[in-house]
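A single chain comes next, written as structure tokens; it is the form predicted on its own.
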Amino acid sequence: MKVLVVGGGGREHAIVWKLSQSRHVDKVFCSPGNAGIAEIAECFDMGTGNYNELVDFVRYEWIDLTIVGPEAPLSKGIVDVFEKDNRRIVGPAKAAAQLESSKVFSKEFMKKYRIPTAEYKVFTSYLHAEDYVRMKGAPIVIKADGLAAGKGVIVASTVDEAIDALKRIMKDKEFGDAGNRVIVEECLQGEEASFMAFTDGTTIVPMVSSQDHKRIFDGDRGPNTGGMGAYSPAPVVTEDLEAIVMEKIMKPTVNGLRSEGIKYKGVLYAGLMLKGGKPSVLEFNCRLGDPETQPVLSRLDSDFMDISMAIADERLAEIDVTWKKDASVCVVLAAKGYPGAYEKGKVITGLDDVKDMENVAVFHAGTTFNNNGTVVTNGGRVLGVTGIGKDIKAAKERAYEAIKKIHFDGMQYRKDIADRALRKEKS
């Protein structure tokens, strides 16, 4: 069988890597891909938003299934275009993807179906939002309504920080039209976790637990990023908590959408805040997380193509999804300046040395080739170095051991990925 993966980051590299291990898959295509993906798939760049041409390519190449990695194509309706042409594709349609593409839609949906989340208020007026922030005080959370590459949420510890965030989003249009509306939300306290599940619109199968690290610096300091690392399993997500999340969050979400005539197919991701054994939804994502995908798929024992086809054909109940007992830790190597303006074109060395290491996988996120065919940096998050071991400690040691062999000018990374899990294991 032939499969197409849409996207070109670390998440998509992990998806392609897992598909390439399938007994069903003869060839993988990826658009646009990156330097790492190019080693195991045929990459091509169709351009952004040209979904009819992509359908033509799928038809011409007799591709059996398409899997969408990033949120942007989902929010723009790539699934709708494919399904109109009766092409198998994994991902939610545009109406369902509003859970991620519009935080206002998501919050109002959760309120309607009594899904636990923080109290909030929606604003289109900067002055009204500022008055509300001054009245409520800090800490407080400011969210751009639309997609902002994981950077549109600002947790403000002071009123001045919150007002500055409002100015950046609503006046300076730092995130463009995504900031036409903002949500001002209570700041929930507790511990964050990522909860991802496969669903075909009826059956919901949870994945193994994971936690990511959003802040750029050690100790969870500095601005938010798309994610600086992740690990699996997350000790904070117990079996009892998983059952609560399924009953109070995942099932009501999928069933609520279906009751409104919206079938959700693909991956449903709930970013959770956990406190006292009770989960609240911080946000929904409509696809696999990045970098959570890297450690999670590293632990998947089942054939990913089997799962994907079952989602597309609405027969997920037939699949027995199994996981390895090993733990995994992914550490992101980022470019100098990230999450702000960052440098590109820096030569990456040491990748060949890491290839020979057991229980290590390096997933390319922002890479390309220069004119000499050398792998160079091409994004803010450059690589995701993933270690696998019998437990979190062993997996973390493996990841950081591999990082010592890799170098590019300006390389930055956190040194404390998975430390919170290790502290929990000791306590």
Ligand code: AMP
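Counting begins at 1, following the sequence as shown. What you are looking at is a predicted structure, and each value in this text was computed from that prediction instead of being measured.
Omitted from view is the form predicted together with the named molecule, to which the following refers.
Met273 is the sole member of Met273, Met110, Ala335, Leu316 with a non-hydrogen atom within 4.5 Å of the named molecule in the predicted complex. Just one of Lys214, Lys265, Arg87, Arg181 comes within 4.5 Å of the named molecule in the predicted complex, counting any heavy atom, and that one is Lys214. Note on the interface: of 281 to 289, 167 to 175, 75 to 83, 199 to 207, the segment with non-hydrogen atoms within 4.5 angstroms of the named molecule in the predicted complex is 281 to 289. Heavy atoms of Glu192 reach within 4.5 Å of the named molecule in the predicted complex, making it an interface residue. Contact check for Glu343: every heavy atom lies farther than 4.5 Å from the named molecule in the predicted complex. At a distance threshold of 4.5 angstroms between non-hydrogen atoms, Asp218 is out of contact with the named molecule in the predicted complex.
Contact between Val133 and the named molecule in the predicted complex is not found at the 4.5 Å heavy atom cutoff. In the predicted complex, the residues of 176 to 209 lying within 4.5 Å of the named molecule by at least one heavy atom are, in order, Glu185, Glu186, Cys187, Leu188, Glu192.
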